[in-house]
Every structure is written in structure tokens, then in C-alpha cells.
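Read the single chain below, which is given as C-alpha cells and is the form predicted on its own.
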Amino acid sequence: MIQGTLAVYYRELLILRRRLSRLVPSWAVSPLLYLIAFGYAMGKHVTIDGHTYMEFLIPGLIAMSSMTQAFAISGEINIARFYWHIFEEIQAAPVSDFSYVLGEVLAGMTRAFLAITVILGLGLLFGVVLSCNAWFWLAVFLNSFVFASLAVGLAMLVKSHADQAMVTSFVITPMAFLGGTFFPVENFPFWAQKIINLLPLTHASTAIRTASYGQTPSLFSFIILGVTGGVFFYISVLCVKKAKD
């Protein structure tokens, strides 16, 4: 099982290494625009719970980027399935469904962690220093695990690369703006807060932001992320099995 996982993971790492020089600037562009537009232009004189808006915004961007970059592994899987037919070769290899999913999930999480380091570097340029403690990295880890696991399952269900883009538009994009990344969830109407609190990104944003302030996040957020990630991972294994059939 370990060899199969490492083989899948190593393949994705080789692809990532070849594209890293192009990916790093792309990881920096959107957060930089958000920091300039929202952090300076709109929130320069805004404080939230005793913190500057920039200090509020950067943890939200970390949560959002760890989500989008972990989920981006679905695009690599679809390219391998529809154009290179790598998935067919994996079917013939002695790689279990669990090992394949774990390897792809680890690859998605690796992308997420690399993108986060870029945002942390941008934060330093803007004079914002966060507390990157163990709770902070645990929240990032679980958030990346959730969306990398979701990505593998959905990548097995879509029928084309265009369908994957549609899934991203309907699932990831709304969550990126409604998951407590740019403004407090408390600003929404009460009924909307109930819906937003069902989103895993909301719990990730809250946990990452709380930890970055040097405080201890709620255990409930970690439980939600862990359970959600475990469910998505299990469903992804079933989807891979179905795709093989």
C-alpha cells in the first residue's frame, strides 16, 4: 500500500516541480490583489475585534488558498484521465484504490501548503506577522485534507474537463466568498449564518484566524473538519472503484 501511495504521490510531485516556476507567481497574484484592494483601499481604517482588517484578511486568504489549491489536484487528475490516460495504466498496476486516493490527496495538500507559504511571505511584506503555531498548521492540514479528498471524488465523477470547471464554479467559488474569508460571518442575517456555518471552509477560516491571533480555536471546528475530510476520503475511494468498473 505504501509503495502504491508513494508512486502516485511522486508522479504528482514531478509534475509540480516542472511547473513550480509558473505556479508560484499565479499563487501570489490573487492574494496580492485582495490585499491591495480590500486590505488597503477598503479596510485600511477598519478594525475587527481589536485587529486590523489586514490581520483579519490574511488568515481568510490562507484558508481560501489552501482550499482552492488542494482542490486544484482535480484538474491534474482529469488531465491524466482524459488526455494522458494515466488512470488506465494505474488500473493495470498493483495500486489499491485507497493508495491511489491517498497519493492524490497528499499531492493536493502539498500544493496547498506551498501556496500558503507564498501568502505568509506576502503578509510579511505588508507588515503582518501571524502566530503560526501548532493549532494554525493543524487547521490548515485539515482544511487541505477536506478539499483534496473532495477533489479526488469529484474528479472521478465528471465526464469531461469542462464539467470540472463547472463544478468549481458552483462549489468552490461560492464557498470562497461566503466562508468567512473576507468579512465576519456575523454580518450575515441569522438564517444565512446557519447555512454558512455548515460549510467546512467557515470552520477552517475561524480556526486558522483564531490560531493566528495566538488563541486556541474551538475543538468543534477541528472535529467538523476531521469528520468531513474522513467522509470525503471514503467517498473518493468508492468513486475510484466505480470509475474503474
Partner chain sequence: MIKIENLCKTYKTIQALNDVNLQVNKGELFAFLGPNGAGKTTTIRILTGLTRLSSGRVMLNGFNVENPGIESRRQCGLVPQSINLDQELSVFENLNIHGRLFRMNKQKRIRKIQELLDYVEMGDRKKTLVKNLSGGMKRRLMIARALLHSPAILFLDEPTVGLDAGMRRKIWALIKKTQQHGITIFLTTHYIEEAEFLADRVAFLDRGNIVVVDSPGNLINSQGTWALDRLMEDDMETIYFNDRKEANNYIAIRKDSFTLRRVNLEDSFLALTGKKVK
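Numbering follows the first chain given and starts at 1. Computed from a predicted model, the values in this text were never measured in an experiment.
The same protein has a further form, the form predicted in complex with the partner chain, not shown here; the description that follows concerns it.
- With the partner left out here, the partner chain still marks one of 135 to 143, 149 to 157, 90 to 98, 104 to 112 in the model of the complex; by a 4.5 Å heavy atom cut-off that stretch is 90 to 98.
- Among residues of the shown chain, F170 is not one whose heavy atoms approach the partner chain to within 4.5 Å in the model of the complex.
- The partner chain is not shown here, and in the model of the complex it never comes within 4.5 Å of any heavy atom of L122.
- In the model of the complex, no heavy atom of I223 sits within 4.5 Å of the partner chain.
- Although the partner is absent here, I15 is a contact residue: one of its heavy atoms lies within 4.5 angstroms of the partner chain in the model of the complex.
- Residues are counted as partner-facing when one of their heavy atoms sits within 4.5 Å of the partner chain in the model of the complex; in 99 to 115 not one qualifies.
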